[in-house]
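First structure 1, then structure 2: two forms of the same chain, each alone, as structure tokens.
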Structure 1
Amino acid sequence: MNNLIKGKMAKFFIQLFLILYAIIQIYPLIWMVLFSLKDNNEIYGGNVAGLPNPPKWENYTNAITQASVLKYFFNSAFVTGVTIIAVIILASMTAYAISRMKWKLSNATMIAFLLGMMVPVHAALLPLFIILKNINLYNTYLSLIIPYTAFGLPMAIILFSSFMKGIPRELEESAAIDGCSIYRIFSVIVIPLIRPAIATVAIFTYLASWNELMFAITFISKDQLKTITVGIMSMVGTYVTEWGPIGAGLVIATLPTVIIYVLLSEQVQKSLVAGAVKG
């Protein structure tokens, strides 16, 4: 009986802890939405954390029409989308060549990509700037897509290689006997089996590219090519800053992240659990 009571109390406190932890994690998102519906008078008047009274929906209109948030949003969407596709294609093919094929430099190639993870992003800023200027890619979408793809490849290759090593070789051998080429084996057999890894790579590449600021502010100076992070930062005025439209811009920039996480979180959990078991 005592053990039953102790078990129920332990379960109650664990649930209470998880509820409090969830509130702490979710509250910043709720606060950001409430913040986006206030004006400067309400924010500086002491109602920073309370409900907006009344809600200033025009902040969203101002963010879209006056601050051109949608333009920056679509620039970020294009750069991030192309980067995700490039990372998945290049990393999956490289991982397949390293983990499933026998050739002399496979281990050296893997080590070279692992060394890429050791290069600090800040150390690459100046060399990349000079290179992009010399090859006339400064102020173009490629000035962001290429660095984002390069820095996303090492982790993606490691993840894909880990998954591909777990695929039975008999599947590929049977397909080869039936006449499948190596390209068909890769696209029809291997790719469907690593879908959790693809989802994980996609969401981590998205987070790294969508929220990136340093490269975006250094390699892009044209207003029509600015990404959402640079666009929102440029909304801060020299003398007066309208915080309501900035909050609205932050909500618009955060929405895709929340939607993508909700859609792909199950695949990411499967990928991490599978990686933990294999590790």
Structure 2
Amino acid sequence: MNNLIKGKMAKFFIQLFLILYAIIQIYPLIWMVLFSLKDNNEIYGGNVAGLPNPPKWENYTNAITQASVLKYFFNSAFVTGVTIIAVIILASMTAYAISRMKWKLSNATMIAFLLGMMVPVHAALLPLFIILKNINLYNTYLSLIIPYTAFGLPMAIILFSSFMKGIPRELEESAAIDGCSIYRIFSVIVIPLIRPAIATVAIFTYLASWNELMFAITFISKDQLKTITVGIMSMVGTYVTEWGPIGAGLVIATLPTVIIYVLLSEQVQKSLVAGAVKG
């Protein structure tokens, strides 16, 4: 009996702890949404933590029209989209050659990519800045797409290779006997089989490029081309004292990620853990 009560108490305190921790994790984000709907009068008037009254939806229209958040948003979407496609195409081809095809340097190539994973982006910042300027790619979408793709490759190749190793040889063999070329085997047989790995790589690449800051502030200075991360940074410069539109910008920048997460939370969690454990 005593043990039963003790067990119940323990369960209660564990739940309490988990709930409190959940509040710590989630409340700042809820608060962000709340302040995106307030104006300065309200915040300076003492309503810092409460509900917006009334909600100032015009903060969102202001952020979109005056601060061109929408433009930054599309820049980010474009850069991220192209990066994801480039990473998937390049990494899947290379991973296939490394994990399934027979050639002398396949191990050495894999090791090169593994080593590349350890390179901090800081190391590449200034040299890339100079390279991009010299080949006239500075201030273009490509100045972000190419580095994001390159730095996304190692992880993608590792994930794809480990996935491809699980594909039974017989599938390729029977296709080869039927007279399929290697390109057809790759595109018609292998690619459909690695769909789950493609989802993982896409999520991984999405998060890395959507959220990237260091390259984005360095390689783009034209307002027209700024991604949402940099756009918000420059918004802070112009709207130093306006909390509402900045809050709206933050919410707009976060929305796609949260939507993806809500729809695919299991897959997103798996992707990031796979990256850690395989890497």
Partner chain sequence: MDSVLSNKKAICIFVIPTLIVFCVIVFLPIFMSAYYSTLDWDGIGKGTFIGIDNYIKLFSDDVFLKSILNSFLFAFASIFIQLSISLVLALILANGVKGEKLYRTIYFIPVIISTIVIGQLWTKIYNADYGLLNALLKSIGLENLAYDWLGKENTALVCSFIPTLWQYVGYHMLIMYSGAKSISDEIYEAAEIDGSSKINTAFKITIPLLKPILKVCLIFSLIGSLKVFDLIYVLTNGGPLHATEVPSTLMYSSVFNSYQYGYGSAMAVFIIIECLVFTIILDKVFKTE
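Heads up, when I say rigid core I mean the largest set of C-alphas that superpose within 1.5 Å between the two forms. All residue numbers here refer to structure 1's sequence, counted from 1. As the structure is a computational prediction, the values presented were derived from the model and not from experiment.
Of structures 1 and 2, which one represents the form predicted on its own? Answer to the question: structure 1 is the form predicted on its own, whereas structure 2 comes from elsewhere.
Rigid core aligned, does the Cα position of Tyr44 differ by 2 Å or more between structures 1 and 2? The answer is yes; the displacement is at least 2 Å.
After superposing the rigid core, is the C-alpha displacement of Pro55 2 Å or more between structures 1 and 2? Pro55: C-alpha displaced by less than 2 Å between structures 1 and 2.
For Leu29, decide whether the Cα shift between structures 1 and 2 is 2 Å or greater, given a superposition on the rigid core. The answer is yes, as the C-alpha of Leu29 shifts between structures 1 and 2 by 2 Å or more after core alignment.
Once the core is aligned, what is the C-alpha displacement of Tyr261 between structures 1 and 2? Give it in Å to one decimal. After core superposition, the C-alpha of Tyr261 moves 2.7 Å between structures 1 and 2.
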